[in-house]
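First, one chain by itself: the form predicted alone, in structure tokens.
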Amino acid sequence: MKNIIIGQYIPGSGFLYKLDPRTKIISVIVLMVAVFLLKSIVQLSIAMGLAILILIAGKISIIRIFRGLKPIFVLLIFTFVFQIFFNKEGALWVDETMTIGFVSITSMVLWTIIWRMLAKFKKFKMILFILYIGGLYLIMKYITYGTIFTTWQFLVYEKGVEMSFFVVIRLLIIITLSTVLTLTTKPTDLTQGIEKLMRPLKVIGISSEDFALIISISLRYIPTILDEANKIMLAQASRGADFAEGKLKDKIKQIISLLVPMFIIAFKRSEDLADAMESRNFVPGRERTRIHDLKLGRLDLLTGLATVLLLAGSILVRIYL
């Protein structure tokens, strides 16, 4: 949990920090639309390269972004495997007969035990997981003797592999862009930017100030709540609790023991926040003033122009390629 950076603001001096929050919000939305217009792996790879260039130009640590993406690797792996198994379009690349029998099941159980024993090396957790999946594949493919219970065909199609990489790269770009937005924008500036952008909605009775405040508080307290959860897990681990080992029943009990103090802390935090807002004379629905008002500069105009050009390029690529 300590690696999660979604919702955090990290001070910096890159050009992204100097942009108006309205420019960043609109640019991120426009760039996401541009990414969804692309329709090939090559085009998405170029877009991924541009996203990396934006991080470098904005003086944002790529390693920090990579570490922050670790919690969603499970989602990315699931998406990758899902596309391979269920997309049956294109040429057939792999056609293997997989066998499940007494000897292969025994081998899989032993391999699982070995994998769980090696799981204590947490630095290599992802590598061990990939080796574990590869081992299961080799066991079902080559251990074909003894009592056979069933056989099935493992089929991999061209479009399945292509769509797997396509979807994963697209998700990485979108998550990176949204992370950069919160990483380079103070919560107060983000609130003010959302409020300014939503101000025309007052015509239909939507309060832009309240909506922006809700979003800002939610983003602000994501890292705080996760940090509190990490502290609770460490405190419980010092008392003998282990969230990584044990039976499913024990893990459910441990999760419940984590949720109860988490709810208490969340309510306590909300009460403290309400008291702090009242002490600063915050009144819902009243017009609020600010020391610093948002102003668009030359850098914002150049960034907006570059974003529009990228969107136009994506549209042209989709039409003509």
Partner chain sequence: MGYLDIEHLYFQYSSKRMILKDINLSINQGEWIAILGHNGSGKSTLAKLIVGLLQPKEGRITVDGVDLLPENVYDIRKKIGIVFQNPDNQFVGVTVRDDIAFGMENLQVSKDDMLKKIDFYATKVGMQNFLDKEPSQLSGGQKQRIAIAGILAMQTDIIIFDEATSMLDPGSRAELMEYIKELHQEGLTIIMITHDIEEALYADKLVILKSGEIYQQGDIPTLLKHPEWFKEAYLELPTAIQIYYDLKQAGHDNQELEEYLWAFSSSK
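Positions refer to the first chain, counted from 1. Rigid core (definition): largest C-alpha set, two forms, superposition within 1.5 Å. Keep in mind it's a predicted model, so treat the numbers as computed, not measured.
FYI, the form predicted together with its partner chain isn't displayed, but the following is about it.
For the residues R288, K59, K70, K39, the 4.5 Å heavy atom test against its partner chain in the predicted complex is passed only by R288. This chain lacks the partner; the member of T151, T224, S207, T106 within 4.5 angstroms of its partner chain in the predicted complex by a non-hydrogen atom is T224. Listed stretches are 112 to 120, 214 to 222, 93 to 101, 157 to 165; the contact stretch with its partner chain in the predicted complex is 214 to 222, by a heavy atom cutoff of 4.5 Å. Its partner chain in the predicted complex is not approached by L53, whose heavy atoms all lie more than 4.5 angstroms from it.
Although the partner is absent from this view, I63 stays clear of its partner chain in the predicted complex, with no non-hydrogen atom inside 4.5 angstroms. In the predicted complex, its partner chain sits within 4.5 Å of a heavy atom of T188. Using a 4.5 angstroms threshold between heavy atoms, V33 stays clear of its partner chain in the predicted complex. Residues of 267 to 281 lying near its partner chain in the predicted complex, listed in sequence order, are R269, D272, L273, D275, A276, M277, E278, S279, R280, N281, the criterion being any heavy atom within 4.5 Å. Once you line up the core between this form and the one not shown, the Cα of I264 ends up 2 Å or more from where it was.
Taking 2 Å as the criterion, A276 counts as shifted between this form and the one not shown: its C-alpha moves by at least this amount when the rigid core is aligned.
Superposition of the core reveals a Cα shift of less than 2 Å for L136 between this form and the one not shown.
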